[in-house]
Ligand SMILES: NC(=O)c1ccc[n+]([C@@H]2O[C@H](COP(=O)([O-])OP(=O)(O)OC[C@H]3O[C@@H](n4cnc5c(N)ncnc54)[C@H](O)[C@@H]3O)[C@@H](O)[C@H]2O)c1
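The chain that follows stands alone, in the form predicted on its own, written as structure tokens.
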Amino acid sequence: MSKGTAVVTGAANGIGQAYAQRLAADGFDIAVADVGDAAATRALVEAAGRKFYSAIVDVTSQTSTLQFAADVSANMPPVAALVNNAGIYPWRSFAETDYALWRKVIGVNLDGTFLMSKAFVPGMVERKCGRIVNVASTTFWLNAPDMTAYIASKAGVIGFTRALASEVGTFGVTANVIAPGLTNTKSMRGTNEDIFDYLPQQQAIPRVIEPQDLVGVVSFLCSPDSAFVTGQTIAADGGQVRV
């Protein structure tokens, strides 16, 4: 029996794909919003025996996110979980960050979280049940240069989630944050390969973080076991950050 639909943004590959695969194994049907083809994720979800839906979605567009919500409603069981994972992380110093880049990062990472929540949270509130998991980053607590726009956007995600939790808790809906550390994905490796040589050595568990190291946290936050956990940020980084 399905536990309902889990919507995961940015799940065509990488960490988002790992979240979708784990939630499918947990019994959720999966709906993916991404700017890329999610065929590989479809194969993983359907191999777990779960229903799958995906669409090309611009999370910075209210029109696109609302249309996606309508399409999910028409094709999938009611949405029980929303994982706002889509994000971009350009490595640019403050001096190199112009307003166009600033707006792009804030648009995807923070506005996208807001717009997807606006599209799906009302249904959760109406059904008096739901789990929202927003993805931030442990760079919020670290001395991480050349990431001004990114860290600002993730700080906004944490603040948004804390505030949202206060408004939806009375309706049986929780809102929490997972803050991963530097994770071994193709896109991150392509962005800054050198950092993988030294950053893991600063962790209590001194090895590179893999996507599978993160999925248990999201699984818990989407489960009935987390019903009394809300407004929280969980750092999943091998013990580098202590919140």
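The shown structure was predicted, so the numbers you read here are calculated from the model rather than taken from an experiment. From 1 onward, residues are counted along the sequence shown.
Keep in mind that the form predicted together with the named molecule is missing from the display, and what follows is about it.
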### Task
Scan 40, 205, 35, 66 and let me know which has any heavy atom within 4.5 Å of the named molecule in the model of the complex.
35
### Heavy atom of each of 121, 174 and 219 within 4.5 Å of the named molecule in the model of the complex
no
### Query
If contact means any heavy atom within 4.5 Å, which of 84 to 92, 125 to 133, 71 to 79, 159 to 167 contacts the named molecule in the model of the complex?
84 to 92
### Message
residue 187 versus the named molecule, in the model of the complex: is there a non-hydrogen atom within 4.5 Å?
### Response
yes
### Query
Looking at the partner-bound form in the model of the complex, is residue 12 within 4.5 Å of the named molecule by any heavy atom?
yes
### Query
Given that the partner is absent here, does residue 182 sit within 4.5 Å of the named molecule in the model of the complex, heavy atoms only?
yes
### Task
Mark residue 108 yes when one of its heavy atoms lies within 4.5 Å of a heavy atom of the named molecule in the model of the complex, and no otherwise.
yes
### Message
Residue by residue through 120 to 158, which ones have a non-hydrogen atom no more than 4.5 angstroms from the named molecule in the model of the complex?
### Response
135, 136, 137, 150, 154
